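First, one chain by itself: the form predicted on its own, in structure tokens.
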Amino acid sequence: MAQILAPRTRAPDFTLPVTPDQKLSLQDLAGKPVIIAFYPADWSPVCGDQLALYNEVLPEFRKHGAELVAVSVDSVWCHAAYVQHRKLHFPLLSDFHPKGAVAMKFGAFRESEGVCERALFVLDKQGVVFWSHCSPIAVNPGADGILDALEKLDQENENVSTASRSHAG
């Protein structure tokens, strides 16, 4: 498995296509926690289960103010068909050309197979990796790790907020 970006590392900014004429950059999500789910392929069974689970859990992610994006090396056309077929409510970003360039920056590209690792990142509001995890490619990592990281991030933000209020008084 890849050596993915570790916590306390600034996430590299990127801009990737969501549709043939629409792009999304990490900078567009600044000021919010961001969940980035790298995954191998749209139509694989494990990826389908993983993304369907995230679609179901999306309201929980959003309770923490977090935005979810998923990234694979599939084309925007493949993503468009997949989003429609699975009725997904979050963007699938295409790291198609140059193939895997963004995944490589996150240490989440499987060079030998030309696909993304099954890697998860939770970024804080400043775009710094708060939590990261890489699963074996055949294993659905579920959502528990993401939810735990978001809860810890909320607690950390609350502690910082409480500390700054007490110092201000």
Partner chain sequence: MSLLRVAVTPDDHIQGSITAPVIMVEYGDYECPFCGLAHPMVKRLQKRFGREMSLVFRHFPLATAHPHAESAAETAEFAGAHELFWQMHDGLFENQARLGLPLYLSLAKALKLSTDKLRTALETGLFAPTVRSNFIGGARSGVNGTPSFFINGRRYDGSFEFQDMVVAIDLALLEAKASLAPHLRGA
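In this text the structure is predicted, and so the values were computed from the model without any measurement. Positions refer to the first chain, counted from 1.
Form predicted in complex with the partner chain: not shown, discussed below.
K.L.:
Which residue among G114, G65, P136, G142 has a heavy atom within 4.5 angstroms of the partner chain in the predicted complex?
P.N.:
When the partner chain is considered in the predicted complex, the option within 4.5 Å is G142.
K.L.:
I'd like to know if L16 sits close to the partner chain in the predicted complex, meaning any non-hydrogen atom pair within 4.5 angstroms.
P.N.:
The answer is no: L16 has no heavy atom within 4.5 Å of the partner chain.
K.L.:
Using 4.5 Å between non-hydrogen atoms, is L53 touching the partner chain in the predicted complex?
P.N.:
So L53 counts as contacting the partner chain.
K.L.:
Is E156 near the partner chain? Define near as a heavy atom within 4.5 Å, in the predicted complex.
P.N.:
No - in the predicted complex, heavy atoms of E156 and the partner chain never come within 4.5 Å of each other.
K.L.:
Can you check whether G31 is within 4.5 Å of the partner chain in the predicted complex, heavy atom basis?
P.N.:
Output for G31 is no: heavy atoms all beyond 4.5 Å of the partner chain.
K.L.:
Exactly one stretch in 115-123, 54-62, 36-44, 22-30 has heavy atoms within 4.5 Å of the partner chain in the predicted complex; which is it?
P.N.:
Correct option: 54-62.
K.L.:
Let me know which residues along 75-110 have a heavy atom within 4.5 Å of the partner chain in the predicted complex, or say none if there are none.
P.N.:
Heavy-atom contacts to the partner chain in the predicted complex: R86, K87, H89.
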